[in-house]
Ligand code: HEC
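Presented below, as structure tokens, is a lone chain in the form predicted alone.
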Amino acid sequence: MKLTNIVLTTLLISASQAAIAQDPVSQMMNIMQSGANTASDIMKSGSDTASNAMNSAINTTKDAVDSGIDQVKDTTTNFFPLSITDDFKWTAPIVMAIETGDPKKGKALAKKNKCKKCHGKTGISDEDDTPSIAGQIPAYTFKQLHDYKMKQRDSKSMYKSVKNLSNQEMIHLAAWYATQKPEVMAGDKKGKSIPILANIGDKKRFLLACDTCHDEDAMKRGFQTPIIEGQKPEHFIETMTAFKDGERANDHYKLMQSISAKLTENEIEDLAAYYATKPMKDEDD
């Protein structure tokens, strides 16, 4: 049996060698074609693998981005503990959350909560002692609403208005008022009556110019510095005086408290006359 197998194997090898000897070109072409087909299959397989890997990476990245956005949206009502003892801290998630504000929803909320009763239909108050919030940057407005809700700013009427609002609703309100046209400031920025403290400051008292932080160009570099141009004059004075006397203390690093403490009453009034809008006219005038 073994002998038979050996004979058959020998005959097959001899036949193959004879065939190659008779037609070596054909045999070589077959070998080359087989190799080419194999290489093509490998390349195709590698291309498909690479393509699948790239698509997988793109989809993974997209899913991660979408997940991150959804996470921000889902957590805007709980991105910091709502405890009256907690101090507000600016973080990247909070800044991102504020970007989700929807002016249309904010407008509806303003109507629902009757904000116009004090702040006017579009955020411009009819009273000199009530702040106008039209055109205010949304981050600042949101922080003030948060501080009223946390009782870090003292106002019974504002606390009553915001106590039941969620963080997302306050974000929408801030977005709505940011789209509204503010009042025009009374002073002339190109005139000769600009207070020294407004654009120069006072080095002897280590006071930077107000425009260093509150100028329009400076405003674009920050998200917590309020617009003071076109504010109600009486409110402007009351706010600066409150910082000066320590009655208001929700400014980060006590920055406005330290600045206001160095100002005289006359300087505060001069700045109000320059930055704020003109006082409302009495009906008898």
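Residue numbers run from 1 along the displayed sequence. Everything quoted here is computed from the prediction, not taken from an experiment.
What comes next is about the form predicted in complex with this ligand, which is not displayed.
Of the residues given (Ala97, Ala209, Met185, Ile194), Ala209 alone sits with a heavy atom within 4.5 Å of this ligand in the predicted complex. This chain is displayed alone, yet in the predicted complex one of Gln168, Gln180, Gln152, Thr130 has a heavy atom within 4.5 Å of this ligand; that residue is Thr130. Contact between Lys244 and this ligand in the predicted complex is not found at the 4.5 Å heavy atom cutoff. At the 4.5 Å threshold, heavy atoms of Met219 stay clear of this ligand in the predicted complex, well away from it.
Among heavy atoms of Leu145, some come within 4.5 Å of this ligand in the predicted complex.
Interface residue remark: His119 is counted as part of the site for this ligand in the predicted complex, having a heavy atom within 4.5 Å. Contacts with this ligand in the predicted complex, taken as any heavy atom within 4.5 Å, map within 248 to 262 to Arg248, Asn250, Asp251, Leu255, Met256, Ile259.
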